[in-house]
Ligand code: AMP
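Below, in structure tokens: the form predicted alone, a single chain.
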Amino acid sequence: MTPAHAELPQIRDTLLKGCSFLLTSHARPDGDSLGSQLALAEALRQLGKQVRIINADPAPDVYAFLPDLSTIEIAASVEDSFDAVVILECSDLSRAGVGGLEGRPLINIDHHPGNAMYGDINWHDVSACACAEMVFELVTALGAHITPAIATDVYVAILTDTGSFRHANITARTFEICRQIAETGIDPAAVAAHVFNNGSLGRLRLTGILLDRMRLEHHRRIAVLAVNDAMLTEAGCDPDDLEGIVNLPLAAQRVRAVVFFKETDKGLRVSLRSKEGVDVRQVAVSFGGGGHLNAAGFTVEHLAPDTRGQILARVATAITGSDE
């Protein structure tokens, strides 16, 4: 057993001994956070445990097909008692966006660099391509059966968090898990179609608008996208339709990074994507955010006149650094 997995037996024993558990993940859930929660919840219920999943925000519509998605509760805080709270994919406790978690027995399971190690048990494995890789190992360690539902949840998590197997941290372990998933009888192509081929016409229109208005900076190596509520109205879609659009400019050979600005009532939400060795995580961290080497983000609540320029300058520096 490697040092990265040293906490796995302790987490397994805690879950086997306890009876009631709360699962949560970061606000604005994505495929990995949802798939990880649902897979672990299914495994624990197999073992006769009482499980609730509580998130701060609802799931994007694209994930409506996930098994038992309707069991996820949306709440701003938690008051009931549990034997333990499992927090998935949160580098710090505040990322969950759910109040009332402090002072409880916390199990922190995360693969993001820079985890604050806030749990009573902290399993932090940056080598995992998705949190669901870790959850799959935990489900196996618990002795739960890998049902088609668990397989679907884990596959969606891995598929989306790797950018359709294009991001860093994909290893032999990733494909071994996918092999076991395929053996359950699920159809990986059909699952991928649910995720990528079920967008609205509004999303299609919005994609055209965004790409038409896209700017290229830093010798055409940075693609800059920007969206606001007026554009969403123009296209006839909602914020959920933005899922995945940030990745599109990376299809151009010359583009090394994408900066996506979204105006919200909380400030400017910035999503960063990159390819090869361009480290956008460090850019996000410098603005109080986080993420991965090739996928990161943050929110700027108080904009200065040169905020966007500063962000682009730091992304340009990341590109230059990767060239050295």
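Just so we're clear, the structure is a prediction, and the values are computed from it rather than from any experiment. Residues carry their position along the shown sequence, with the first being 1.
As for the form predicted in complex with ligand AMP, it is not shown, yet the points below apply to it.
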Checklist entry - Only one of A296, V278, I54, L66 has a non-hydrogen atom within 4.5 angstroms of ligand AMP in the model of the complex; which is it? => result A296
Checklist entry - For the chain shown here without its partner, which stretch in 267-275, 34-42, 251-259, 66-74 has non-hydrogen atoms within 4.5 angstroms of ligand AMP in the model of the complex? => result 267-275
Checklist entry - With a 4.5 Å heavy atom cut-off, would you call P29 a contact of ligand AMP in the model of the complex? => result no
Next on the checklist: Is H112 part of the interface with ligand AMP in the model of the complex - any heavy atom within 4.5 Å?
Outcome noted: yes
Item to check | Contact of S91 with ligand AMP in the model of the complex (heavy atom, 4.5 Å) | outcome: yes
Next on the checklist: Just checking whether R95 would be counted as a contact of ligand AMP in the model of the complex - the rule being heavy atoms within 4.5 angstroms.
Outcome noted: yes
